[in-house]
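Heads up, the chain below is alone and in the form predicted on its own; it's given as structure tokens.
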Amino acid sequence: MSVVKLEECRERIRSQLDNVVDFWLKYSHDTVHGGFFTCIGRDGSVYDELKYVWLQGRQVWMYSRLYRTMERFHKPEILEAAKAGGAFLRKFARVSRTSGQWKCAFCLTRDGKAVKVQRTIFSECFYIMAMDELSRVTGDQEMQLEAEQMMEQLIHWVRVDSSGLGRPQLPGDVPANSMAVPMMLLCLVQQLTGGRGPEVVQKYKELEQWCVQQILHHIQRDGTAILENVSVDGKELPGCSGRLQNPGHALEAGWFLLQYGAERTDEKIQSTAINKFIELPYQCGWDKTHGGLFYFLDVDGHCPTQLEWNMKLWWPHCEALIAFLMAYSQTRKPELLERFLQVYEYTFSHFPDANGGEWFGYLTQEGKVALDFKGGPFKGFFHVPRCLYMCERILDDLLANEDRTL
């Protein structure tokens, strides 16, 4: 494949990243109370003023990462937005509990009053990401310490005592290993240790290895499937939950593992990441009739209980783009580049809104726009810009080290 094609991809990705950043800078900032609106319609209008903490954290992280690492986004308005979002989070996101532990709210009113708390770890995860990345930009050591303290609490909830989450263990509830948990902890370890000294790396080394092993437990059916939920000892669970496949999550776990393998020159992990967490989900998840990745699948071919199972969502395609391009950059195997281009062609012909800017998030199985808003409780300023940002940087590296053919 010619370098010209990859240069075309890079230019389109670069243009889309500029477009997406402009959209959120224009429409999402609450200049009255701070923080960000995320329920944004096709035309940029705000249709709900609730502020979802995990999306607040993601937006702070994304602004901070762009400001810190890409020269064209090293702009005062981006820095000020990140700082204002961080201040809003620090002031309102944490809900005090009688146990002395901090739990982050799931959503807040426009002026910061807690509305709902979920019994999961994900609001806290993105609070940590936001605080750590923003501290790298501002040099605020207290903010970095705050991120590390929240991380210690998260580790306690996941590995020692989950009672702080407020979720009692009921007699019929079988403990499970949901892939989202070790995935996110691995992501946080990579965030907290990246670019920092050996003492920080050593601090999280055992946790990082534990996360990798927990993720690997999701390779099931003699290596032929990645299942979203397994037992705590790595066995398949009965029923619909046990048969559930989530191609987007598996692909995301795949590139997390690729990063882990690259940092340690671990070819075994690299091979497992590509063959099991990237190729398998693509093979089972790609709609051979209409194109695009299914949202959920049942490993035995039953209809998944999630009613939106056959929709095409923005974020699995974002994860696939990162995964295949990263896999190609590490191996130079042409079939991986072909996969990237197949996902690329589908994604860029279906999700971007050429008229209103940003991307649609929810398509029908046939690829038509099902919901035309640009942001909601789950879609914010994260998966799309992270994907575009990472793909642009990978393509920069590839094109800087290639001759005129690949």
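Everything numeric here is computed off the predicted structure, so don't read it as measured data. One-based numbering along the sequence shown.
Keep in mind the form predicted in complex with another copy of the chain is missing from the figure; the text below concerns it.
Within this chain, Leu170 lines the site of another copy of the chain in the predicted complex, having a heavy atom no more than 4.5 Å away. Though the partner is left out of this view, Asp372 does reach within 4.5 Å of another copy of the chain in the predicted complex, counting heavy atoms only. Interface residue remark: Pro377 is counted as part of the site for another copy of the chain in the predicted complex, having a heavy atom within 4.5 Å. Shown alone here, Asp30 lies farther than 4.5 Å from another copy of the chain in the predicted complex, counting heavy atoms only. Screening 219-227, 178-186, 239-247, 78-86 for residues having heavy atoms within 4.5 Å of another copy of the chain in the predicted complex returns a single hit, 239-247. Listed residues Thr109, Gln209, Ser271, Thr120 were compared with another copy of the chain in the predicted complex; Thr109 is the one with a heavy atom within 4.5 Å. In summary, among the residues Glu338, Glu366, Glu345, Asp353, the only one with a non-hydrogen atom within 4.5 Å of another copy of the chain in the predicted complex is Glu366.
Site residues Lys113, Cys303 and Met311 are all in contact with another copy of the chain in the predicted complex, judged by any heavy atom within 4.5 Å.
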